[in-house]
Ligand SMILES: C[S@@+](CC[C@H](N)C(=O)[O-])C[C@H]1O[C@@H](n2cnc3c(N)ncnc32)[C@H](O)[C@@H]1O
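The form predicted on its own is given below as one chain in structure tokens.
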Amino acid sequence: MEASLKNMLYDNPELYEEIYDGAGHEIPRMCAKLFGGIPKTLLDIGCGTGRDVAYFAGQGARCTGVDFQPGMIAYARDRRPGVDFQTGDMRSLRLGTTFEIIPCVGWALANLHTPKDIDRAMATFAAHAAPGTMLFLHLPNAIGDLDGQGLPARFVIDTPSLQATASATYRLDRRRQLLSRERLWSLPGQPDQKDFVRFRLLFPMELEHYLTHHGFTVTGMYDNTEAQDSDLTGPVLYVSARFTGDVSTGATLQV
């Protein structure tokens, strides 16, 4: 969401799908398992190229996918016709309807860096939820891997049209709870290219505070897609929450 963000894969959605291959729909399968099956309606906020949306749509759900990157939405519409894809900002999105399940995966929420923006995103989740709506978040796990040591350090693209490799370095801004990733891409016959992104790190109790403040009750936190209880030492966090509409009266965290 910040101006300095530059991600070669966002500019080339077909390469995004090459790098992040979906692992056999592992995350949507986990989501369906946690929430008791395929929903009737689903809103994917930060849908990227729409692969997860297409999985649920193929199972009979009425789906809407929203992403901040117009290029990703253009690719999704072209690659996955028949699904409702829209460009939108999770801080201000209002579709005027509610959904049974709201996934926000691919670390989309971590692209928001300030408490105000995180609150605005939580308000968006709540605006599209009815009592019983399930929310599913996928984020870097601050308490398990604060410095990003367990995150990928090497990326490889090997397609008929492009071969490239990248090395990634991570730096932690402890004061602002931001994990920066810089990748240096090497492409045959071309100058090296850099891309840069920063992820907001949210600790479990901090994240639960935001959710409670907006009417959600956390039902599970996991560091694995099998949804097995653990001590949350893995580099990725999966969170499930149910909307009750009971809003906490506590003040918003100022971090």
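Here the structure is a predicted model, which means the values were calculated and not measured. In this text, residue numbers run from 1 along the sequence as written.
What follows is about the form predicted together with the named molecule, which we do not show.
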query: Thinking of the named molecule in the model of the complex, which stretch from 125-133, 160-168, 146-154, 101-109 has heavy atoms inside 4.5 Å of it?
result: 101-109
message: Considering non-hydrogen atoms and a 4.5 Å limit, which listed residue (Asp173, Glu182, Asp89, Asp84) is close to the named molecule in the model of the complex?
response: Asp89
message: Contact check in the model of the complex: Tyr16, Asp67 and Met72 versus the named molecule, with a cutoff of 4.5 Å between any heavy atoms. Do all three pass?
response: yes
field: Contact flag, Cys47 vs the named molecule in the model of the complex, heavy atom cut 4.5 Å
entry: yes
- prompt: Looking in the model of the complex, any heavy atom of Arg51 within 4.5 Å of the named molecule?
  reply: yes
